[in-house]
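In the form predicted alone, a lone chain appears below as structure tokens.
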């Protein structure tokens, strides 16, 4: 394999790799602004300067491919001076608003200023100023903080497939905006904020809510569709503040759609049912878990019972439900449900050319691997028991009694008789299988709310209740 030397370390590389990638493998981090591994290389910020032997000038590491025998220095005096000049130039117009900026604590400009910048500034003129711009439901723009890296422009053109971000004017007067000032149209707008190296493009959903360094981070999987994008839930004080994509080159690369990014909101919706309830007349009345389990047990003893299992549940939950139904309800039917019109994985197709899939649940493939058949049409039975993780779309139900176990909002259960609250995907561990057949793990980020219980725990309590009654 070809080798080069970086800061005295001999490193192997694959032909075509640039010096940033090769250096990172050697444990050497080269500072960058305009470079992003998922976008084309433009080499315009000049932050990634390195010194290469036998080359008279400093080179940009992002646009310089490693070559056999190449000797590279990333900490020489010439490199330090070059990066220091770049930082001084970029900070000429940058406002001193780190204390109120959402990017503070995870800002590339802060990090590179500390690592490569100077403590002194020769510039004394007034900084340019712009008015904040509303760019739609997702992004708020603060052009004062922009350093013209053009990551956003390239993301729109190359990944989102929409030429909506442009640079107008030139030099010190440059303005990066949408064409004709229109609002952003892409359904992947949250990524603009992710890739912005400063606080120029901020998420409205997260704006001024929490400092980045206060947030705890949990690696998990998005439940928004069968793609199974890897993501990170950021939370503090048992409350979720945002979800961001996590790199997985085999599934979602570096990106995430807005639907998946903001899907977590329903788990904290004030209308989510968090206590066992039973319908009395037209109103809901709180009951104890014992009362709820008694209702579930008595109703499911009916001859004609249908158990519906949402494909938004984990493999562990599905297996527990299937085993319980097989052992204790031999005459009952067990069917799955998830997305209207996508009953099987064969019907699951790409919804766009980026990430979205037609199946709006994360474990359709998992239900099929467990041999659970899909519901076709309306659910008809004397008693219907619906197990749901919160994402599966409820089917039309025709029954004398309908019981829900899992995550439900008040507006979704007008035809139900009893609800036993379960855990959302943010509150549990488990396994899901995406449309490619890849097994991935959900990880609990926050604790269960109020009296919500895990489905396996509900089934165990139901079994123990029966045992107690037999012993009595």
Partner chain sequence: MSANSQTLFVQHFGKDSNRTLDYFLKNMNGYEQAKKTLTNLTPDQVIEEVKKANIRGRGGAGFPMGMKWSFIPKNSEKPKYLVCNADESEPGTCKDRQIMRYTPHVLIEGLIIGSYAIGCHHAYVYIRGEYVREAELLNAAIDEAYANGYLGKNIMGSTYTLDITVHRGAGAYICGEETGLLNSLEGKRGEPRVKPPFPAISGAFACPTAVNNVESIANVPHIMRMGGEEFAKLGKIDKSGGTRLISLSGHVSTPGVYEMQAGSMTLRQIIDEFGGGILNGKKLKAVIPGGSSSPVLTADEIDVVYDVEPLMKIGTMMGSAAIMVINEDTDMVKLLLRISKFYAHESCGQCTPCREGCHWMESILHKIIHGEAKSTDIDLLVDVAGNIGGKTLCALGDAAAMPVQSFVKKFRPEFEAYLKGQKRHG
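Numbering follows the first chain given and starts at 1. Remember, predicted model here, so these are calculated numbers, not experimental data.
Here the subject shifts to the form predicted in complex with the partner chain, a form of this protein not shown in this document.
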(Q) Looking at 24-32, 402-410, 416-424, 41-49, which stretch has residues with any non-hydrogen atom within 4.5 Å of the partner chain in the predicted bound form? (A) 41-49
Q. Among 353, 331, 129, 172, which has any heavy atom within 4.5 Å of the partner chain in the predicted bound form?
A. 172
Q) Among 161, 85, 105, 115, which has at least one heavy atom within 4.5 Å of the partner chain in the predicted bound form? A) 85
Q) So, 288, 394 and 440: all three within 4.5 Å of the partner chain in the predicted bound form by heavy atoms, or not? A) no
Q: With heavy atoms only and a cut-off of 4.5 Å, decide whether residue 167 touches the partner chain in the predicted bound form.
A: yes
Q: Give a yes/no on whether residue 90 approaches the partner chain to within 4.5 Å in the predicted bound form, heavy atoms considered.
A: yes
Q.
So, residue 180 and the partner chain: in the predicted bound form, are they within 4.5 Å at any heavy atom pair?
A. no
Q) Any chance residue 446 has a heavy atom within 4.5 Å of the partner chain in the predicted bound form? A) no
Q. Mind listing which residues of 58-84 have a heavy atom within 4.5 Å of the partner chain in the predicted bound form?
A. 58, 63, 81, 82
